[in-house]
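First, one chain by itself in structure tokens, the form predicted alone.
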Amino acid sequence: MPEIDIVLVSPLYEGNVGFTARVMKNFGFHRLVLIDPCTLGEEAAARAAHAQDVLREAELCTIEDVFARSNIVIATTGTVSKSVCHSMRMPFYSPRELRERVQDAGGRISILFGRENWGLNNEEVRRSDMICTIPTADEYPILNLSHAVGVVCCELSNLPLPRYALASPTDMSYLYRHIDRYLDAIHHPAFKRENTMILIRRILGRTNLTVREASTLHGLLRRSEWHIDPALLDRDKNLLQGSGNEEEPE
């Protein structure tokens, strides 16, 4: 089973944090991460009930820490797009579909749950690898924070042992940087750059690349760059040496 962090981004109410710890333990999850939380006191402890250990051992960190160390970051949101033209919040998966996407992968997976009043911001969603939304009734679609965590934890409980290791966050960072530079090489229009990189992150984020697969993509990009302009290989030399995993494509 992958290492799954339940990440609460700026939770507003300590009772919700306590209930989240409780429902996590109900389904066998213990890795609670808090980003800029409200003050936690007696109410959080009372709501946690017999999950005091989950609440007590919750990790305080920044959103940057989460993105830097996670193999996959999943944003949960109630606001989705029905159009494939909206790359920010498309495609999206239900918790059950999410299980199918991550069940064979080994690595650190962080699932972001946003603020009770307005969820995750666009930047947090943009940087995430996958989008998850919980199907709800149109007449009342808003879930309590801890209830949303419970639904996701229920679907992801008892995952099998991973079958392969994912590319590390560093590997993926180098690959995205290489792709971004490659867009320069092919004179990709500047006004399309941000949306293109979001789409690339969505595509690669849901493929669960291994280290070998990421390095093969580096090799394909390098070979293409050589055909465009051999000087481009010198430009990217330091970038690729930093990753330590580049390979020629098979």
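Residue indices: 1-based, along the sequence shown. Nothing here was measured: the structure is a model prediction, and the numbers come from that model. Rigid core: the largest C-alpha set superposing within 1.5 Å between the two forms.
The protein also exists as the form predicted together with another copy of the chain; that form is not presented, and the subsequent description refers to it.
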Worksheet entry | Heavy atom within 4.5 Å of another copy of the chain in the model of the complex - residue from R69, R31, R222, R47 | R47
Worksheet item: Just one of G119, G106, P169, P91 has a heavy atom within 4.5 Å of another copy of the chain in the model of the complex. Which one?
Response: P91
Worksheet item: Residues in which of 61-69, 33-41, 188-196, 210-218 have heavy atoms within 4.5 Å of another copy of the chain in the model of the complex?
Response: 210-218
Worksheet item: Is F27 close to another copy of the chain in the model of the complex, meaning a heavy atom pair under 4.5 Å apart or at it?
Response: yes
Worksheet item: Hey, in the model of the complex, is Y164 touching another copy of the chain, heavy atoms inside 4.5 Å?
Response: yes
Worksheet entry | Interface membership of R206, another copy of the chain in the model of the complex, 4.5 Å heavy atom rule | yes
Worksheet item: Might R177 be said to contact another copy of the chain in the model of the complex, defining contact as any heavy atom within 4.5 Å?
Response: no
Item to complete: Could you run down 51-76 and flag each residue that has a heavy atom within 4.5 Å of another copy of the chain in the model of the complex?
Response: A51
Worksheet item: Is T136 one of the residues whose Cα moves 2 Å or more between this form and the one not shown, with the core superposed?
Response: no
Discussion item. How about L40 - superposed on the rigid core, does its CA move between this form and the one not shown by 2 Å or more?
Written reply: no
Worksheet entry | Sense of CA distance change between G205 and L60 in the model of the complex, threshold 3 Å | farther
Item to complete: Based on a C-alpha change of 3 angstroms or more, tell me if N158 and R96 lie closer or farther in the model of the complex than in the shown form.
Response: closer
